[in-house]
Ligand SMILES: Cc1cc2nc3c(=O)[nH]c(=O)nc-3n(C[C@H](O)[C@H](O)[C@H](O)COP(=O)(O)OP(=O)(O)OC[C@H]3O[C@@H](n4cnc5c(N)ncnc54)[C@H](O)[C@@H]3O)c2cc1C
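Shown below, as structure tokens, is a lone chain in the form predicted alone; questions about how it binds or moves come after it.
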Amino acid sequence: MYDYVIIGAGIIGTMIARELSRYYVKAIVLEKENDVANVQTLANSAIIHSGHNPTPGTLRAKLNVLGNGLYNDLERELDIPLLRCGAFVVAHNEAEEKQLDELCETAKANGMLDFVILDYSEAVKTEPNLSKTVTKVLSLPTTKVTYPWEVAFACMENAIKNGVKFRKNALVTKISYLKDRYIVEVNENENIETINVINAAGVDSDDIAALIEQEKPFTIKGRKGEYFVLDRRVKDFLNHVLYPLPTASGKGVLLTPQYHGNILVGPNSQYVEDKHKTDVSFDGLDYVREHANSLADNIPYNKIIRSFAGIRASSDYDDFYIKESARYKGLYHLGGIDSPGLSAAPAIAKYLVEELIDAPNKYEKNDNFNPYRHKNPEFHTLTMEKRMEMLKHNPTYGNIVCKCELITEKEIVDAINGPLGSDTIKGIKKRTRAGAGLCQGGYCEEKIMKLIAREKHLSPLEISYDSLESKLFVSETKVRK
């Protein structure tokens, strides 16, 4: 019997798991995918927004601003990456400059303290490629960029270290309530008993709610965003996140520097019928290119290394939906956690655990809770002296497997066998960036496959790219009979 079953191991579910592990409760996280952070957390802009845009008085506004500050604590405790780049919201004429003034009022109402409007002549000093059509910008110094996959991994690893259980490939197929407990059916063949259920299933959160609620409290409307990824060799092209003025559809097409040096161009915003389909389109990418050109001059599109799309879990409820079920005690739904969901995530977890669940008054604090997680160092970023020292202890640091991102055999083996290890090509890419560079795995993918097979004692026929159904090989073609 568990105290809590958390459904979903995206950024929200993993942060909730970590918050709950501060108390003496028995909890498990169930994830239907073959890895943590595989859907909404996987494909987004990675921005920790300052809080200049959400409507004052909403949970979005309150938790965005609080969450932005809490990422500083997460950086210290979980060793997560943060790029403190700041952001510019751009205006091109007097009418748009008035909208910048309105955004300042929104920022002030939301509790932001650090923002200022700059003329083009001031802004271009720190952003030399800013479009010459820009007249003024709203500068937001507290805007940051992170690496969402790693944040989710760090939270889940830390939660596991503090006693939380984790199951992947665990699809919740039924939820029943019996007097004082829930029966959560997994994969149609296993029942898990729990006192409380937390529905943090992202784009599937309304479907999870429908498994038990007579009427769904909200409906998810998938909103697709498409992006270009520019190679990290363009790192010096952009210093800030560049936003257009926001519209009813969202924050618009952005230019976003990434922690590891890449630049994201996008996204567009389009509601889609199939909330699991993440294909890219020529029309969508043309729209992204056209609108990005109003932010900066001479965007180096010749350095594009890939494109991708993500789905945002927008809903028909005009705010984050974070509530206990009106009918079932101990059933909590978190729905419509789209932008600024990543920014708000640590504050969402605290709001749920401390205010709605009231854990500080309901449970005893976990005296053994350890808030710290230290990641292995990135070998290529170390001093030559430190690298030589590590090579003496383990020569496999000298075997560069991914030449684009300079990832070593030892780093990949650590990712395979770590506390939240992976035996898939995509899983290793998410943990190490092996395959994320210019050739997109063309050189290293086979080598990574062989390392997984060696470490896990598997045949190459058993290795998957991502899901269990995505095997790399069908059969051997050159076998001596």
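These numbers come from a predicted model, not from an experiment. Residue indices: 1-based, along the sequence shown.
The protein also exists as the form predicted in complex with the named molecule; that form is not presented, and the subsequent description refers to it.
**Student:** Out of the stretches listed (333-341, 371-379, 92-100, 385-393), which one is close to the named molecule in the predicted complex, meaning heavy atoms within 4.5 Å?
**Tutor:** The contacting stretch here is 333-341.
**Student:** Note which of A436, A46, L70, V413 lies within 4.5 Å of the named molecule in the predicted complex, where distance is taken over heavy atoms; exactly one does.
**Tutor:** The residue from A436, A46, L70, V413 that makes the contact is A46.
**Student:** Could you tell me if L20 has a non-hydrogen atom within 4.5 Å of the named molecule in the predicted complex?
**Tutor:** No, no contact at 4.5 Å.
**Student:** Applying a 4.5 Å heavy atom distance criterion, does C402 contact the named molecule in the predicted complex?
**Tutor:** Taking the distances in the predicted complex, the answer for C402 is no, it never comes within 4.5 Å of the named molecule.
**Student:** Does any part of K32 reach within 4.5 Å of the named molecule in the predicted complex? Heavy atoms only, please.
**Tutor:** So K32 counts as contacting the named molecule.
**Student:** Should D204 be counted as a contact of the named molecule in the predicted complex, where contact means heavy atoms within 4.5 Å?
**Tutor:** Contact check for D204: yes, within 4.5 Å of the named molecule in the predicted complex.
**Student:** Do any residues of 293-320 have a non-hydrogen atom within 4.5 angstroms of the named molecule in the predicted complex? If so, which ones, in sequence order?
**Tutor:** Counting only heavy atoms within 4.5 Å of the named molecule in the predicted complex, the contacting residues of 293-320 are G310, I311, R312.
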